[in-house]
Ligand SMILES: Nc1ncnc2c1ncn2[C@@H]1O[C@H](COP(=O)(O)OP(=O)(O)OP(=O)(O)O)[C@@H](O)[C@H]1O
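The chain below stands alone and is given as structure tokens, in the form predicted alone.
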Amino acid sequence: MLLTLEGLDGSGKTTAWEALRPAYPDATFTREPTDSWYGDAVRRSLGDDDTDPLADLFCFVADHADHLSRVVRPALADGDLVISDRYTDSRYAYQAATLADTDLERPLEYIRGVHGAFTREPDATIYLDVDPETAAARAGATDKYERVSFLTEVQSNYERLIDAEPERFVRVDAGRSPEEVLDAVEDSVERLVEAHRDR
């Protein structure tokens, strides 16, 4: 089973991802951007306000392709539970926002089309839902993707993705205390894993 954690920067995804490790010691925990040289290229682009948004997109796509072949597909082939901190939905939501002011028509659909030929879709996705103002304040607005105006566009894209596949997403209110958020995530993951096992 491929389970992904998604949400705006500052929503608590990584904290939740770390908190799940003791409960699922045999699972494969992974993330995007990865720790590969492709992921290093992505992180360099994050810190540069002047990169071309289409070039950025394909840095992320290359990192995802490597992640699939090196980590995700082998783990799934071994029957592992894979839990990823960010995955395709982050790219759809964030990169579509970066491409919104370009000549590219329907950027969200374009990015999904690029991935459609090769990606492995998640079986379930936990979406940590928090408003852009709170997310930006928590994240510290340290890069171009953590500004309120940008995160508002990203949130809108996430909502479009959820509307398109409501059965895949579990929404968790991430505006609550960290303890409440972690409890909700852990309960949701337990239910999803059991449901997948019973199929």
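Heads up: residue numbers just count along the shown sequence, starting at 1. No experiment lies behind these values; they were computed from the predicted model shown.
What comes next is about the form predicted together with the ligand, which is not displayed.
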Worksheet entry | Interface membership of Ala174, the ligand in the predicted complex, 4.5 Å heavy atom rule | yes
Discussion item. Since only the chain is shown here, I'm wondering whether Arg70 would be in contact with the ligand in the predicted complex (any heavy atom pair within 4.5 Å).
Written reply: no
Item to complete: Evaluate Pro178 for contact with the ligand in the predicted complex, applying a 4.5 angstroms cut-off between non-hydrogen atoms, and reply yes or no.
Response: yes
Worksheet item: Taking heavy atoms only, is Ser188 within 4.5 angstroms of the ligand in the predicted complex?
Response: no
Worksheet item: From first to last in sequence, which residues of 109-132 have any non-hydrogen atom within 4.5 angstroms of the ligand in the predicted complex?
Response: none
